[in-house]
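Taking the form predicted on its own, here's one chain by itself in structure tokens.
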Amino acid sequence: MADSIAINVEGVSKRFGKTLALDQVSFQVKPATVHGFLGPNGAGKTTTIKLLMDFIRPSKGKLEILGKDTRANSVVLKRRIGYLSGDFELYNNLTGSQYIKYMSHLSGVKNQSRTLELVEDLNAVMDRKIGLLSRGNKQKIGLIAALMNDPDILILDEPTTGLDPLMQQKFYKAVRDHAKRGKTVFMSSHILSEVQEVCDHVTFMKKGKVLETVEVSNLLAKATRRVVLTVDKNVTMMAPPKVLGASNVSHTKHTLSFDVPQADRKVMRWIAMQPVKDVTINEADLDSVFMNLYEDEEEV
């Protein structure tokens, strides 16, 4: 199990009183990969992560990390896990350096080379009291604490909250490098571009249930392209023919927009015959896939 599956969640349900937060959740995370965990607020992502960390216990089902039951081996596993909570709290009266030194002592991290490398890469402010730092700088310190012991399993709940775009890119590189060294990353996120950039697989959650677990590359292959045609004000555009497989067709005064499975020769030939003055075709991304899965949700 440990060799082929890094994280195994099997038939897990969790009740809080009369509320069923998770309903028969099952998925697996392969080793040496970055696995995304997506869903709208209230989908059960954070509850699942807390169960994996053994902060709460399942009502039923099995959770394993590196082939070991998360409940029976809680202490042992935590030595091999780096974790960053979505709502983590730091000691505001300590400086960043003091906090990392304290966490290193608790974790038994003696070699500080990885810590120093992370501090430099993330440009973290370490000499000021944490309570005086911005949300982004606090996030950097939390990330350093999660990564400094080079964990076999890295579990992250909304890890780039508060980071500016440059720091996000540095974080993505750190995550990819972590997986390349044979480590496993499991991260929840609401940011679709983030998942698209760093994740190998993604599990979609909705209302406490798993919708599907798929490879990101396969999702992108299936994602639609958005075509936007702009015409002169005196030109009327006809809707695209069914043979193109167009969907979500919409008209404005000067544009015709629609989705197609792929911008192939058939689509391009039809566009070439139209009286257009401008054409935009957006590359496939996870937005369309995500919105199709959650189109009846009010908030994503």
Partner chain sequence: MFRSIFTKTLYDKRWFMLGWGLGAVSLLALTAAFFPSLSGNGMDALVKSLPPELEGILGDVEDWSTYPGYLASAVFGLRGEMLFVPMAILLGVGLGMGDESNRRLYQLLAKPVSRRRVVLERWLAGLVVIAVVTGIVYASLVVVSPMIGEDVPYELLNGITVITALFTAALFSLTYGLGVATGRKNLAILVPVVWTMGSLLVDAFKLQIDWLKDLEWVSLLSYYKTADLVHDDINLNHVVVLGCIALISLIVALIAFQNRDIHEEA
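Numbering follows the first chain given and starts at 1. Owing to the predicted nature of the structure, the values given are computational and were not obtained by experimental measurement.
There is also a form predicted in complex with its partner chain; it is not shown, and the following applies to it.
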Using a 4.5 angstroms cut-off on non-hydrogen atoms, would Val249 count as touching its partner chain in the predicted bound form?
no
Its partner chain contact at Ala145 in the predicted bound form, heavy atom, 4.5 Å
yes
Distance check, Lys62 to its partner chain in the predicted bound form, heavy atom within 4.5 Å:
no
Contact test in the predicted bound form: Arg226 vs its partner chain, heavy atoms, 4.5 Å
no
Between Met237, Ile271, Val260, Met53, only one gets a heavy atom within 4.5 angstroms of its partner chain in the predicted bound form; which residue is that?
Met53
So which of Lys173, His105, Arg128, Arg114 gets a non-hydrogen atom within 4.5 Å of its partner chain in the predicted bound form?
His105
Look at the stretches 183-191, 209-217, 73-81, 158-166 and give the one with heavy atoms within 4.5 Å of its partner chain in the predicted bound form.
73-81
Within 4.5 Å of its partner chain in the predicted bound form: residues from 87-104 (heavy atom criterion):
Asp87, Phe88, Glu89, Leu90, Tyr91, Asn92, Asn93, Leu94, Gln98, Tyr99, Lys101, Tyr102, Met103
